[in-house]
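Shown here is one chain on its own, the form predicted alone, set out as structure tokens.
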Amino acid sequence: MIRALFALATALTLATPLRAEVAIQEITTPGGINAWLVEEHSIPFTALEIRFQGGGSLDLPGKRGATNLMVGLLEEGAGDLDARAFTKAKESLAADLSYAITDDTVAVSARFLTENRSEAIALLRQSLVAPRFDAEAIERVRAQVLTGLRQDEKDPRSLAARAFDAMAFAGHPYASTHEGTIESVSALTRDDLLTAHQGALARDRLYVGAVGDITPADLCALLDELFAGLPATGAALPEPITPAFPGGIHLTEFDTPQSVILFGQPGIDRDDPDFFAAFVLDHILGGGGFESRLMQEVREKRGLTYGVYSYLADRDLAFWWGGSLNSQNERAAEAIEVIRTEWQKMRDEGVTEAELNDARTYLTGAYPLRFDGNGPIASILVGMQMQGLPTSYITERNSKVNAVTLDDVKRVATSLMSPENLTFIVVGKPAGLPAN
């Protein structure tokens, strides 16, 4: 019955249309924890999103992959429960607890029915405060990580991403994957995991979003109970870095019928007054699916790839403008040349009024579709907090997109787009491709 109720609550939540207004409440618990809450009492179900800033970038020298391995073990036994007992307890409550990591965050997601709230939070608390790190579990999860790392060594897209990061972020944690290397992960000890746990899961880097059947008073009590026992402060965060984009083509030969191509140049800070103009510009260039210029020129007109896209990257410690595509080896050089040409053309000529209108229409129309359930909304709340956005951003965002003018886009294209710094990382055996 409990599982049926949970499935029903999840289905109803995902099927709920966007609310006319997302009323965000900012709360501070008696214990000093800040959180954002959207109350929704129509379904007895709550989604809780938790982020600890820092993530894999907190790994100590020589311990790359420690935080990733630690996060993989949080649900492999906690307190008095070994891995099997923990899973059984979670299933008996029909609770969904998940743990993930990026270079910038450790993310924890919890979904639970109101009737099981206390038990679900107690179980979640054990996983955060008292993970067991049993020897058998460590070796099992380590083997899974190592399998993934060995597969990455044979995957051209993974190799391209590694080469891109090593070039752009040399000397910084971003320069290598947070999963570590075969050598570093193989050498990690239980003490390394305990150190990573203390460094990453701390209250001074905590962000919380909650959506669902819970009041501010109940959420305050829940959060103070949940995070009691975590250290007040964690490991020091790394310094920001300005990515390096020297220009040209950087080739890694790899025996594959298609070349993987990543490209990038300096980007724009999310806090920059011109960010929304750059956001619209990128949508027109390569972020807008089949209607983008790159898709039209590279795929539709010339058939050089199945798909090509661009994006503005704004991570905690760096920002850049990037993109990627795959292309047959014999046509990879032509694909790169077309991208360079379009980059130069957009910088010099800007965009058309029709392109701008289409971009604004799409971006404003698609935005509400993100708010399609308690879980997605809770995740959005946390993301807004981490970016330093106000609660009013949800209602203001589309007006900022609509305020972008043709002159704004032209100005930003001229100042931001940098063909001389546009750098290509290629993994494959492209024919006739001159490389640096």
Partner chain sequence: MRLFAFLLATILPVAATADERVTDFTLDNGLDVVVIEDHRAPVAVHMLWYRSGSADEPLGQSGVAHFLEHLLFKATDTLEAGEFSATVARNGGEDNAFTSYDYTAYYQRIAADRLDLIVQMEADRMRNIHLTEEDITTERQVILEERAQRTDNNPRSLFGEQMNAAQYLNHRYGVPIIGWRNEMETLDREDALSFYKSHYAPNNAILVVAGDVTPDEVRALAEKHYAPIPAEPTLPPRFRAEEPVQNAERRVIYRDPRVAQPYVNRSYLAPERDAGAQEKAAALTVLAEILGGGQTSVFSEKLQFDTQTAVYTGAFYSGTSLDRTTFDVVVVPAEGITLEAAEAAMDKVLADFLTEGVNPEQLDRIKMQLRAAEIYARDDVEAAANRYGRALTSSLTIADVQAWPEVLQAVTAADVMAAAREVLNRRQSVTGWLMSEEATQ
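What you see is a predicted model; the values in this text were computed from it and never measured. Numbering follows the first chain given and starts at 1.
Separately, the form predicted together with its partner chain exists; it is not shown, and the next lines address it.
*Should Pro257 be classed as touching its partner chain in the predicted bound form when contacts are defined as heavy atoms within 4.5 Å?*
Close contact exists here: in the predicted bound form, Pro257 approaches its partner chain to within 4.5 Å, heavy atoms only.
*How about Ala143: is it within 4.5 Å of its partner chain in the predicted bound form, going by heavy atoms?*
Within the cut-off, so yes.
*asked:* Check Arg331 for me: does it contact its partner chain in the predicted bound form (non-hydrogen atoms, 4.5 angstroms)?
replied: Yes, Arg331 is a contact residue.
*Give a yes/no on whether Asp372 approaches its partner chain to within 4.5 Å in the predicted bound form, heavy atoms considered.*
Contact with its partner chain, yes.
*Note which of Arg205, Arg125, His250, Arg299 lies within 4.5 Å of its partner chain in the predicted bound form, where distance is taken over heavy atoms; exactly one does.*
Only one listed residue qualifies here, and that residue is Arg299.
*From the list Asp80, Asp271, Glu239, Glu136, which entry has a heavy atom within 4.5 Å of its partner chain in the predicted bound form?*
The option sitting close enough to the partner is Glu136.
_Contact segment among 82 to 90, 185 to 193, 226 to 234, 213 to 221, judged by heavy atoms lying within 4.5 Å of its partner chain in the predicted bound form_ = Looking at the other structure, the answer is 82 to 90.
*With the partner left out here, if you bring back its partner chain in the predicted bound form, are Phe279, Asp316 and Thr352 all within 4.5 Å of it by some heavy atom?*
No, the candidate spot makes no contact with its partner chain.
*Counting only non-hydrogen atoms and a 4.5 Å cut-off, give the residues of 33 to 47 close to its partner chain in the predicted bound form.*
The stretch 33 to 47, when checked against its partner chain in the predicted bound form, contributes Glu40, Ser42, Ile43, Pro44, Phe45 at the 4.5 Å heavy-atom cut-off.
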